[in-house]
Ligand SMILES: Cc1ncc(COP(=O)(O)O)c(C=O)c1O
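Given as structure tokens, the chain that follows is alone and in the form predicted alone.
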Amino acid sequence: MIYADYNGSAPLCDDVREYLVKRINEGPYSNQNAIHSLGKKMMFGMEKCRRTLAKHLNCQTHQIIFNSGASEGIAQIFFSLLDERPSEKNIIITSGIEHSAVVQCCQRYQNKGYQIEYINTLDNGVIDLQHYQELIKKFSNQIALITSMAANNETGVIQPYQEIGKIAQENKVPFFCDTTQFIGKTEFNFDQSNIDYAVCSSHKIGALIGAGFIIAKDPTRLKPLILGGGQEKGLRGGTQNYIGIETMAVAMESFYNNKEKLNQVNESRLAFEQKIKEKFPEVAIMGDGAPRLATTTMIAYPGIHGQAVQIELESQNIFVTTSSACSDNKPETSRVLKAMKINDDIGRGVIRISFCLNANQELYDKIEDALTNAYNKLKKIQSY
């Protein structure tokens, strides 16, 4: 079996799997907020994880707030920064390529009276910095929040988040960057990012599902979305998912210990794309020529439906998606691709192939063979 949907959810990385076997067998188990010695031991372990994450992501430990994942983090950031009713600052600047968790938060606050302004997206999937600057200049002191992702979950295109953040800082506007597909897929330095708020989900980096965190430059600006017993310094109620948190630290440590593999992963991906394009010149690579994650390819043969390709590959025990996992069941061009001005002939034909540091030329060669067979077979059907 070849599993190529790491952007949807990554399998447990080897180090996490080994850690869990020992952890589950040996314990300990307790409520880390208890004052007895076992609770204190658990709390010490959780705080050690916080230090590990802070070290690799170059932030301060107090800037990390543990939660259940990026969707919760996004909701809390919006809730914290946007009043129930807008004041004179009533503009949210976002892009047309954001994840649905951000899109729906924007829609919620639009219903509360906020105005949404969208940054244009260039044809290669990178947001238009010039248009972004025009929006900043046009709305000036009316802007309540700027939100733009670091890397797109469908195309893998990396956005100019540092430039976006720099301009936001100069205009004293909070900048939330959705880093869900960025952290743990490539190197990230929060201190140098110009980002005010970032998020992470455990299942995107090879850890147990159900944990995550916010990184906040100034955590005092956050308000608790979930009330409870004062955990996370009162910013997120509920007993922390300590085993999930532990696996996040193990997974992050594993990534940074093996980050030198990224260059080889990138070379294997590019070689795969080149071979497919040589065989099928009609094929389109989403974001081709733009900076992309080393681990992600989104590809389409015009006129051949992506779900048909997905079924053909699955019959050969290769698992891919046609867009993001959140919208994989919708047989239409995604809004991300529409923002890139991709027509339906291509947009409905995409499949997304996503790995992590496990990717190598052998895996890509097997996918290349399967995809070649699928395209040749479906081309014949298409011609009738």
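Computed from a predicted structure; not experimentally measured. Start at 1 with the first residue shown and count on from there.
There is another form of the same protein, the form predicted together with this ligand; it is not shown, and what comes next is about it.
Across the proposed site, 69, 181 and 203 without exception bring a heavy atom within 4.5 Å of this ligand in the model of the complex.
Out of the listed residues 74, 126, 284, 135, 74 is the one that sits within 4.5 Å of this ligand in the model of the complex by at least one heavy atom. Of the candidates 149, 105, 119, 164, 149 is the one whose heavy atoms come within 4.5 Å of this ligand in the model of the complex; the others do not.
This ligand is not drawn, but in the model of the complex it has a heavy atom within 4.5 Å of residue 153. At a distance threshold of 4.5 angstroms between non-hydrogen atoms, residue 269 is out of contact with this ligand in the model of the complex.
In the model of the complex, this ligand lies within 4.5 Å of some heavy atom of residue 99.
In plain terms, the part of the chain that comes close to this ligand in the model of the complex, with a heavy atom within 4.5 Å, is 203-211 out of 203-211, 274-282, 247-255, 83-91.
Contacts between 1-20 and this ligand, taken as any heavy atom within 4.5 Å in the model of the complex, involve only 7.
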